[in-house]
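Single chain ahead, by itself, as structure tokens, in the form predicted on its own.
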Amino acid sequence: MAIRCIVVTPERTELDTEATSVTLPMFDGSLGVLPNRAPMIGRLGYGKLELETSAGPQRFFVDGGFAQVEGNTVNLLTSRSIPVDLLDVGEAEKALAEALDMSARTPEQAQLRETAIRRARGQLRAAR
């Protein structure tokens, strides 16, 4: 039995494929999804989406968003999805350094800094 995984960004549907299992980067840790899982809705974190397909494993960096599991369908709404093969460790390390150097004098700046740090760390983990 297969799971249909659909990844949608503001620009387009990035992915629509079948997999035997899906691992989601949730805000508070990873979540494995197998066929016939109970329905759920959750907040995505910044990290690696992993799919086991008949053609082999597929890996993507997802940039936060929301996940819905219903029936044997996993729907992800994210601001962007990048194949892990296209990520560069050097660029991710640079983005993390820049995020750590951001000012956090106001609550708004602190929130932006924290989001940038989470995004960069997720990208770095996915790139490695």
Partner chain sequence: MANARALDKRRKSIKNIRKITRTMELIATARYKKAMERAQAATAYTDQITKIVSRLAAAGLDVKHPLLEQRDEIKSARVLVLTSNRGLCGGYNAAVLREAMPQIRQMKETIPNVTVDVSGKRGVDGLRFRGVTTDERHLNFEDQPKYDEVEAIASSYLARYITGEIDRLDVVYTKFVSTSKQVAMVETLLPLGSLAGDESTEEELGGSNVDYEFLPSAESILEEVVPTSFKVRLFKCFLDAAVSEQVARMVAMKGATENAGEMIKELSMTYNRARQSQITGEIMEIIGGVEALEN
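Numbering follows the first chain given and starts at 1. We call the rigid core the largest set of C-alpha positions that still match within 1.5 Å between the two forms. Computed from a prediction, not measured in an experiment: that's the story for all the values here.
Unshown form predicted in complex with its partner chain; subsequent notes refer to it.
Verify the contact flag for residue 40: yes if a non-hydrogen atom of it lies within 4.5 Å of a non-hydrogen atom of its partner chain in the predicted bound form, no if not.
Contact with its partner chain, yes.
Does the 4.5 Å heavy atom contact test between residue 49 and its partner chain in the predicted bound form come out positive?
Answer no; every heavy atom of residue 49 is more than 4.5 Å from its partner chain in the predicted bound form.
May I ask you to check whether residue 20 falls inside a 4.5 Å heavy atom distance of its partner chain in the predicted bound form?
Contact with its partner chain, no.
With the cut-off set at 4.5 Å between non-hydrogen atoms, does residue 80 touch its partner chain in the predicted bound form?
Yes, contact at 4.5 Å.
Select from 82 to 118 the residues with a non-hydrogen atom within 4.5 Å of its partner chain in the predicted bound form and write them out in sequence order.
Contacting residues: 108, 109, 112.
For a quick test of reading the superposition: does residue 106 move by 2 Å or more at the CA between this form and the one not shown, rigid core aligned?
Yes; that C-alpha moves by at least 2 Å between this form and the one not shown.
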